[in-house]
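Only one chain is included here, represented as C-alpha cells and corresponding to the form predicted on its own.
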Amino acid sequence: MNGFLAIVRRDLRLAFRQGLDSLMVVAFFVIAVVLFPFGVGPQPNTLARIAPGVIWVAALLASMLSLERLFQTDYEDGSLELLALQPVALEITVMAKVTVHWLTTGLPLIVAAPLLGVLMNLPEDGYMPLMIALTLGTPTLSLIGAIGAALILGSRRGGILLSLLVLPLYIPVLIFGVSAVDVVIGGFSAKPQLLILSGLLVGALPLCPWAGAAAVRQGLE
C-alpha cells in the first residue's frame, strides 16, 4: 500500500505540473458535446433523445486522449524500468497509474457531465443514473485502456493502434451506460444496467492490472 500511494503521489505531481493535459481532455469533452446541437439542430426533443448517447460517446473518446501517455513517458525516460525493478509488484504500479488516470481524466468528465446535460436538454430523471453510470463506467474505461497503453509501448503511431485495441472492448460499457439513462427516462428501473456496469468494474479490477503488467514486462524485454 505504501508503494501504491507513493506512485500515485508521484504521478499526481507530474500530472499537476502538466495540467494542460487534463484541461485538454475536459475541453475536448465539452467541445464534442457542444457541436451536436449545431449539427442536429436545437430542437429540445431531439437533443433530449440523443443526450445520453452523445455524452457517453464524448466521454469515452475524451478518456482515450491521455491513454497513450499512461506508460509512454516513463518508458521513454527509463522510469518505467526502475518502477518495474522496485520491490512493489508491477501489477500495483499499473493499478496506481490507472488510479491517477481516472483522477485526472475520468473524475473531471463526471463533474462536467451535468452541465453538458443541461445543454443537451437531458430530462431531470436522467441526471442521477448518468452520474452513477459514469462513476461505474469511467474506471472500467481506464482499466481497459491500461492494457492497450501497455501493448503499444515502443510502437510507432501508437495512438491509432491503441484506438483499434480498446474501442471494441469499450462497447459493453457504452451500451449499458447509455441504456441506464434511457430506461430511467422511459420510466423503468436502471438497476439491471447498473449491476452489469458494476460487474464489469469488479471483473476489470483484478484482470486488467494483471494483463497490463504482463504487457509492460513484454514491452520492456
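Throughout, we count residues from 1 along the sequence that is shown. Source: prediction; values computed, not measured.
What follows is about the form predicted in complex with a further copy of the same chain, which we do not show.
Each of Ile31, Arg49 and Ile171 places at least one heavy atom within 4.5 Å of a further copy of the same chain in the predicted complex. For Ser163, a non-hydrogen atom is located within 4.5 Å of a further copy of the same chain in the predicted complex, even though that partner is not displayed.
Although the partner is absent from this view, Thr135 stays clear of a further copy of the same chain in the predicted complex, with no non-hydrogen atom inside 4.5 angstroms.
Mapping the unseen interface onto this chain, Leu195 falls outside it, with no heavy atom inside 4.5 Å of a further copy of the same chain in the predicted complex. The closest non-hydrogen atom of Val178 lies within 4.5 Å of a further copy of the same chain in the predicted complex. For the stretch 26 to 49, the set of residues having any non-hydrogen atom within 4.5 angstroms of a further copy of the same chain in the predicted complex comprises Ala27, Phe28, Ile31, Leu35, Phe36, Phe38, Gly39, Val40, Gln43, Thr46, Arg49, in sequence order.
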